[in-house]
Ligand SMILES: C[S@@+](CC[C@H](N)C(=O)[O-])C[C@H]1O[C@@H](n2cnc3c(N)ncnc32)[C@H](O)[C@@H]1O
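Have a look below at one chain only, the form predicted alone, in structure tokens format.
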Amino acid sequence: MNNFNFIAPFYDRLARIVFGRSIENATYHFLSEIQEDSAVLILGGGTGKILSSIPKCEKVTYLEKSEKMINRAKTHKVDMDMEFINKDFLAFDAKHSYDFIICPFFLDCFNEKNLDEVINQIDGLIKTDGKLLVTDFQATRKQLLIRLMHLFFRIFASLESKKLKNIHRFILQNRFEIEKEEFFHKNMIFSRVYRNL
């Protein structure tokens, strides 16, 4: 499930065709929150385009389940201490905690049971004063585009999620509170900064 190997070669082009620069703009919007002494964990970073916009920090751990995605991510030249891990997040055994955890269009991949488990695991990895940055899709009145997108990924990436969920509600239920938010592409995309309670 949730295997993006097949679409890795054309994922970025597809996202640009469908959403223009909205996905990139939303993903990068709050990255300036990262401090120089931060340990950062990126979950499901895809092809690695986000790496060119990450402020220089102490260390970045890049976790991606798709082998083809992470191989593309490794081609980005970044002047930081980088660790690439090709693994499913639910099988990830972290050795330390993080100041900043980034989920760029990652949480929408999971069904309700696993989403709750994923957020709970994130809560265990983030430092007491750490922040969680989530960028993802949300349901709006114009849901046809998102439904078609979900169907596409269910077919070509074996997406386990069958429909778009209220990710924000799941996060709040797991001991996080919202700090900042911004919306993009007619409110179909959100970017939020959370801190754990």
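This is a predicted model, so every value here is computed, not measured. Residue positions are given as counts along the sequence shown, with the first one as 1.
Omitted from view is the form predicted in complex with this ligand, to which the following refers.
**Q** Find out whether any non-hydrogen atom of residue 83 is located within 4.5 angstroms of this ligand in the model of the complex, and reply yes or no.
**A** Because no heavy atom of residue 83 falls inside 4.5 Å of this ligand in the model of the complex, the answer is no.
**Q** Hey, in the model of the complex, does residue 61 get a heavy atom within 4.5 angstroms of this ligand?
**A** Taking the distances in the model of the complex, the answer for residue 61 is no, it never comes within 4.5 Å of this ligand.
**Q** Does residue 54 make contact with this ligand in the model of the complex, using a 4.5 Å heavy atom cut-off?
**A** No.
**Q** So, in the model of the complex, is residue 19 in contact with this ligand at a 4.5 angstroms heavy atom limit?
**A** Although this ligand is absent here, residue 19 would stay clear of it in the model of the complex, with no heavy atoms inside 4.5 Å.
**Q** So which of 93 to 101, 109 to 117, 122 to 130, 73 to 81 is the stretch with heavy atoms within 4.5 Å of this ligand in the model of the complex?
**A** Stretch 109 to 117 is the one.
**Q** Which residue among 40, 69, 26, 171 has a heavy atom within 4.5 angstroms of this ligand in the model of the complex?
**A** Exactly one listed residue reaches within 4.5 Å, namely 69.
**Q** Relative to this ligand in the model of the complex, which residues of 82 to 105 have a heavy atom no more than 4.5 Å away?
**A** Going through 82 to 105 in order - heavy atoms within 4.5 Å of this ligand in the model of the complex - the hits are 87, 88, 89, 104, 105.
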